[in-house]
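This document starts with one chain, in the form predicted alone, laid out as structure tokens.
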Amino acid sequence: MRNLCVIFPDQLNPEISSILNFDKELDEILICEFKKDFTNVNHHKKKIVYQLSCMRHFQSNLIEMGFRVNYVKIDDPNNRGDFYPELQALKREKGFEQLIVTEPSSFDELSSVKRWGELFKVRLDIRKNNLFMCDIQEFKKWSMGRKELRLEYFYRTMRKKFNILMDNEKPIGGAWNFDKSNRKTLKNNSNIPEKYSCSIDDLTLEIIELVNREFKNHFGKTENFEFAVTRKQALNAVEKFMHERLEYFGDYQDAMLSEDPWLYHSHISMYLNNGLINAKECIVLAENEHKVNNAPINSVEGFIRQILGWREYIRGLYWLKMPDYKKLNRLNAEKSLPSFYWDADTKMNCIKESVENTMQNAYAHHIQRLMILGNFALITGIQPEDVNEWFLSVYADAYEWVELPNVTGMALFADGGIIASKPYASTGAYINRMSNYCDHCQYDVKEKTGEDACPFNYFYWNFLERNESKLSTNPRLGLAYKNLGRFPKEKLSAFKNNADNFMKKIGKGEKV
């Protein structure tokens, strides 16, 4: 039987399930670049460069391995713009009898793929995505009968299943989770190793020129492109992290620093999310660093929890809750996204620096995303649709399956607590404690109200009051609401007035 194996842009791994048992004498591969996939939202230029370069390097790698590849480039004048006409044309030309795909990462894409067999009158084989460690059905089975789908319980299940950081039935180090040891502040970057970077080859240079030409009005910059674009380079990036940054990854996991957006983070999520590397190999390397080189357990466990725990958990929830999850807005947030998320033109230094870093790098680490950019959107009441589109647009590691639950559930609490046990809202005090951003800000982080007060302060308290009917019974917010109750009515009015005036200024186009 002659097979056509379709590989999607986030499945760039030679061991992807769609080409397992590939017959190099009969079978062929199809990989397509479609412009619509890069214009559906305002994708970061560097993100587009990264994705296209990875795809074209992967094509070369497959050809070297002896695979026959049909590759459709975005700038090919014969590019038909969608899978349906491309597959229709290949069916006529090649006469394949079966389509083989690895399940796509998005709900809409999978819904479309499920119709291919009937449309093209061929057999359709949709295989499980072996780049993940927890199958979609396995997660669904785990979730059945549970009142709360909390990460911690899923994470422990996965640790036991794969025997990761385990001593028989007990966790190594005596605890499942060392998160409390991972909240140290960092006051300077004098000892932080240089981040991974690789030289740009001719293929990537061509793509940079293409992106600057075809996507010139998109967000972000292509300058200083240094991401890995091949599996070999991505593995080098992982090894560099293991040897140079893992030791302090745990300690400074939540820290933020004006002078360095990279810190001790791994910077490998984009490589995981498009398939250049897989989760299991990263976990094995990290565990080995603990066993052989005595890497601290809080760092190793924290890193593994992000991959084996959070990443797999978020994917499972996405598939469990879609398509309704995409529409959730439990806090009835309805304000539009401020323009400074796109141009960094704001007096709030923490947001200014986080957006500038995003513009330059198509990257920000998880605390910048959650506790600055997400936190501000949460406490000001920005509608989830706008926030989700922004996060999906600007980060190189962003695909809907990972972006949507992280934003709707974790950052905005728009799912009402399916993912997070409380809203991740805070005043400026948290940002001041975990960063040096406030040292260079025009607002005073110690002031709660007034023209000079940190907007995070009055927006936080106004957020609690505005959502009291929905949130006051949350046990994790008991102390916050107790403190809110201590404020006199005049203070509560000041919080609301300051918040309203701030949003009015945004509406008038004033710099805030």
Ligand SMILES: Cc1cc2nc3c(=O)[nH]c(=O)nc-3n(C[C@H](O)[C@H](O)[C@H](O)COP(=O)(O)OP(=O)(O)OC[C@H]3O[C@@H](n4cnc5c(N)ncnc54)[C@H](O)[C@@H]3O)c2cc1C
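It should be emphasised that the depicted structure is a prediction, and the values quoted were computed from it without experimental measurement. From 1 onward, residues are counted along the sequence shown.
Missing here is the form predicted in complex with the ligand; even so, the following discussion is about that form.
- Judged against the ligand in the predicted bound form with a 4.5 angstroms heavy atom cut-off, the residues Ala414, Tyr460 and Asn474 are out of contact without exception.
- For Ser269, a non-hydrogen atom is located within 4.5 Å of the ligand in the predicted bound form, even though that partner is not displayed.
- Mapping the unseen interface onto this chain, Val355 falls outside it, with no heavy atom inside 4.5 Å of the ligand in the predicted bound form.
- Within this chain, Gln306 lines the site of the ligand in the predicted bound form, having a heavy atom no more than 4.5 Å away.
- Taking non-hydrogen atoms only, Ile314 approaches the ligand to within 4.5 angstroms in the predicted bound form.
- For the candidate set His265, His218, Lys195, Arg231, a heavy atom within 4.5 Å of the ligand in the predicted bound form is found for exactly one residue, namely His265.
- For the options Ala362, Ala377, Ala425, Val407, the one in contact with the ligand in the predicted bound form, meaning a heavy atom within 4.5 Å, is Val407.
- Only one segment in the set 97 to 105, 329 to 337, 158 to 166, 367 to 375 has residues whose heavy atoms sit within 4.5 Å of the ligand in the predicted bound form; it is 367 to 375.
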